[in-house]
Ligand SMILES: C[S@@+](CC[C@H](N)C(=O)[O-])C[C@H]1O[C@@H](n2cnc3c(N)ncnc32)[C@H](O)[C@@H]1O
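Shown next as structure tokens: one chain only, the form predicted on its own.
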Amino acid sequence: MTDYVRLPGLRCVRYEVALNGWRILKHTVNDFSLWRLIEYPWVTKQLQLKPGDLVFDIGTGTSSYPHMLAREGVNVVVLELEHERVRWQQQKYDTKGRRGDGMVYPVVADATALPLPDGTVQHISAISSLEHIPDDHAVGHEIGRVLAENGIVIITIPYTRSERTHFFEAIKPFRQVERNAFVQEGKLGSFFRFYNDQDIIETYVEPAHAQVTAWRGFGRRVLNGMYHETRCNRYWRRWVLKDWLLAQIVHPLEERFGTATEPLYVMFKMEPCLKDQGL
């Protein structure tokens, strides 16, 4: 049996402390909180990585995820549009990289026009990033273009079963600009999109000529409806260990017993259809 790289939640916390200091446990500085403690372990498991493999991570921002993978011996190309965030990633690797770690290669790149040859990428991840790109159809076509014949894509994005008509209503000033799309008022470019099943198929699955081979939801009645989209949101970036407990206890219970409720996010794995099966 192949021994793939794993990133359990507690190890993610340990790496986050090593990369950003103990203060991260009190107040996160780069959005490391509950959703990441659900996403990072699942995404890593589904990528089926071995030390020495290369991952292309789209829209990384200031996430520590590439550096966590590097500490497991994986090489990561960070594809990020904003120059400042690319510099942040490079500085983080320069100051926190260790002998024997995998490499982190931060690159300024537009996800709607990836600087990569056709059919050459084996592993692609996009963690809570594609929903911020208005031209997501162009991104979907680019992912399909560069994906290798036996490649793997893991995407995590906001979700709705049909249509979401509000987002952070009465908590933060988001304005709906189109169906399932919102812009945060007062913050230029803060775009946020939700996807239903048909959107996911048309935007990402069909352009990649792929099939969804794994799927997981998160953020249902308790974690979202009774915590995230309430005034408790003020504690979202505080006391990270409480998020680890929520990810370990509440999230699995929600996904086992609460699937009748709509998840806030979904995570899914895409793999190209096999031509010899006529798919």
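Heads up: residue numbers just count along the shown sequence, starting at 1. Remember, it's a predicted structure, so these values are computed and weren't measured experimentally.
Same protein, other form: the form predicted together with this ligand, not shown, and the subject of what follows.
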For the chain shown here without its partner, which stretch in 45 to 53, 31 to 39, 206 to 214, 221 to 229 has non-hydrogen atoms within 4.5 angstroms of this ligand in the model of the complex? 31 to 39
Among the candidates N196, N75, S128, Q122, the residue which, in the model of the complex, approaches this ligand to within 4.5 Å (heavy atoms): S128
Candidate from H137, K96, R145, R85 lying within 4.5 Å of this ligand in the model of the complex - any heavy atom: R85
Proximity of H141 to this ligand in the model of the complex, heavy atoms at 4.5 Å: no
Answer with yes or no whether L79 is in contact with this ligand in the model of the complex, where contact means some heavy atom within 4.5 Å. yes
Spell out, yes or no, whether the shortest heavy atom distance between A109 and this ligand in the model of the complex is within 4.5 Å. yes
I133: touches this ligand in the model of the complex, heavy atom cutoff 4.5 angstroms: yes
Within 4.5 Å of this ligand in the model of the complex, which residues of 50 to 71 have a heavy atom? Give them in sequence order, or say none. G59, T60, G61, S63
